[in-house]
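Okay, here we've got a single chain as structure tokens, the form predicted alone, with questions on binding and movement later.
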């Protein structure tokens, strides 16, 4: 989602005559698009701003900060670093050219972060990838999980009109894109603001579009991930049998403290239904370790979910406090060293699970969408299979942007190796 917003920002600037630079040192406009989901990216922003001060002095470069950190820490950004010229929230990217033009009349940092409850189209989009395209369908979230800053950074849910979504996908298909990723903080809750059509209807309306062969979507919330969505995934040929379904914790007690709105059993029942309808489905998830009040028993219950589900991939993090969230009132903090050890233990278990699963694929054949050349040698390429796993292979001809059938010959825990 952050990459998509960066592509939108680049498109806005290019439409006004700006050109991309290969190196920050050569630029006169530098925009940092930020994420505030965890604490570490916020720290990295202030570190980066410090390193950019010499470019500011050398080129008199215009420096802007956009995204979620801009929305949440707008005053702190302008106060801590005098080199920042403007701070723009996620709802106001379209204002950037106007803000840059007005900088000569302002002696202080321009801050523009008002909320917009209505969807606003941003085009054109300067896409880096011309094979697999991101397509926004909604933004924001209404769930207010106790650890999550998204509702405060992105605001409440707003939905993109279905005709705009279909038009963008048709345009991508005409330009030769083979795959699309539908994007939103909680795509399950999508509702066309004009017709009221839901996410299942959206999937059914875009699947007939010729040229697009694979459809993916992210992110789904287990609370409102329905059996109708599962049925549509199973019955629609173009929808990949791959799903990212965050559980966050395997403990019912921690799930309650997190305000997730489902139990461990309810989550596992949905996983069971997914596997029943799509035995070949590839599953990934998000997990937070060291959430306040998390005991060793709670953590062991999370480990047991990994063993039971057998995820293809996980995204795992230590809990960090986020501004405005309800979890700030929880005083039973888990010490940093314990959080660190739990994360190591979790990731090592998942590494073993992935390695075993990948080894079972050796000797099989699979369809892979080639994303481009690798850096190893001129005949090396990389792609992704339907399960969104990285597959490295060699080819005598350039197959970038094409589907190839590969035999898997080797693997590691995080990627596969194939041959044509």
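Numbering follows the first chain given and starts at 1. Remember, predicted model here, so these are calculated numbers, not experimental data.
Beyond what is shown, the protein has a form predicted in complex with a small molecule; the following relates to that form.
**Student:** Please identify, from 295-303, 346-354, 280-288, 208-216, the stretch that has a heavy atom within 4.5 Å of the small molecule in the predicted complex.
**Tutor:** Every other range fails; the passing one is 280-288.
**Student:** Answer for residue 342 alone: is it within 4.5 Å of the small molecule in the predicted complex, judged on heavy atom distances?
**Tutor:** Residue-level check for residue 342: no, no contact with the small molecule.
**Student:** Check residue 373 for me: does it contact the small molecule in the predicted complex (non-hydrogen atoms, 4.5 angstroms)?
**Tutor:** Residue 373 lies outside the contact set for the small molecule.
**Student:** Is there a heavy atom of residue 147 lying 4.5 Å or less from a heavy atom of the small molecule in the predicted complex?
**Tutor:** Looking in the predicted complex, residue contacts with the small molecule include residue 147, since a heavy atom lies within 4.5 Å.
**Student:** May I ask you to state whether residue 313 is within 4.5 Å of the small molecule in the predicted complex, using heavy atom distances?
**Tutor:** Contact with the small molecule, no.
**Student:** On the criterion of a non-hydrogen atom at 4.5 angstroms or closer, are 221, 246 and 317 all touching the small molecule in the predicted complex?
**Tutor:** Every residue of the spot touches the small molecule in the predicted complex.
**Student:** Taking the small molecule in the predicted complex as the reference, which of 32, 37, 49, 61 has a non-hydrogen atom within 4.5 Å?
**Tutor:** Exactly one residue meets the criterion: 37.
**Student:** In the predicted complex, which of the listed residues (78, 185, 188, 92) lies with a heavy atom within 4.5 Å of the small molecule?
**Tutor:** Spelling it out, the residue with a heavy atom inside the cut-off is 185.
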